[in-house]
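Presented below, as structure tokens, is a lone chain in the form predicted on its own.
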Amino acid sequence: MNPRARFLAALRGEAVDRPPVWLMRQAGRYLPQYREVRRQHGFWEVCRQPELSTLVAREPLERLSLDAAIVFSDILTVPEAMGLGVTFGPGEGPRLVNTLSTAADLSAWTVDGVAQRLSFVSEAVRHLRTTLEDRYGILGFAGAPFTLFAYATEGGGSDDFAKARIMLHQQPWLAQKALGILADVAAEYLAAQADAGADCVQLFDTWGGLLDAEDYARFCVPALRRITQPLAARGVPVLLFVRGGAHLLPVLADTGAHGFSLDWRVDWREARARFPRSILQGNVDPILLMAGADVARDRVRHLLATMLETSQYRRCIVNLGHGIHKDTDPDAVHAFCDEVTRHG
């Protein structure tokens, strides 16, 4: 079974020889070629030049036994294209110049023409598809509405994103309108990536786990459905990742997602019992790769045994429960992927 065929079969819930594997942040700072590219080119430059984007997306495929590539981009492409002024300082997290706190701030968002301003990502997907042909699966992605809303209100990273969570209750009408705008832009953005050759798309709700189930159901689920419903109508599978979202499992079924990328704190058996017909992806703690190759192999064996026991490998994708840490030894990542392929 070639990698792409295995990946597509898993998305369709068909029998596979083994679960496919790809890793969140598999093209990143732990790899030497990526670091070399970044010494010569700025982050947005790599994102905006398809040749560079494909170069860094291909590096892990050449080093590791993977079944899919994910386009090289960032979740903050959407707020950047909407005029919020996203920058990445050396050694710093993202900063947004134009933050959201009032209705006037929201009215200043430049939604007209945003699809064209984001077209460099679909061009990157198209270039990656042409380069990889039909050998590997390809994923597109976007930030989920609440996570983008959190950055827009806070103006950068935060431990608790208090401003966003306060706005949900002090100005719920403003929050819901902002979430709706972000959702509609993301839906169009992801559809363009699918049209360019992505087999599947993933929504990253990195900060959704900060909310309790009631608030997630009230504010996030309606926004997510504005994305999943039109994409489902086009036959595009959508995977949803909510970091720290174990407590949200009861409400995630209402999002309309095709499947779920599980945080490392989610019990796989519980998730499978709750979502017997959904794709489940994950969910090894990425920190364990920093404990060495033997630990990585052991965790893969444990995960595969659980997948086999609960669903005979159907509707399963091996991944981490979050992205690869920048200080991870590539040999441990190789061991992780190799242990998956040994079960094929």
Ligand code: 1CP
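Only a predicted model underlies this, so the values are computations on that prediction, with no experimental measurement involved. All residue numbers are counted from 1 along the displayed sequence.
Missing here is the form predicted in complex with the ligand; even so, the following discussion is about that form.
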Check whether D74 has any heavy atom within 4.5 Å of a heavy atom of the ligand in the predicted complex, and answer yes or no. yes
Should R18 be classed as touching the ligand in the predicted complex when contacts are defined as heavy atoms within 4.5 Å? no
Taking heavy atoms and a 4.5 Å cut-off, does W268 contact the ligand in the predicted complex? no
Residue-level question: is Q26 within 4.5 Å of the ligand in the predicted complex, judged on heavy atoms? yes
The one option of T153, T206, T228, S122 with any heavy atom within 4.5 Å of the ligand in the predicted complex is T206
Please pick, from R297, R58, R38, R48, the one residue with any non-hydrogen atom lying within 4.5 angstroms of the ligand in the predicted complex. R38
Is it the case in the predicted complex that I70, G157 and H322 each bring at least one heavy atom within 4.5 Å of the ligand? yes
Quick one: which of 175-183, 127-135, 75-83, 229-237 gets within 4.5 Å of the ligand in the predicted complex, going by heavy atoms? 75-83
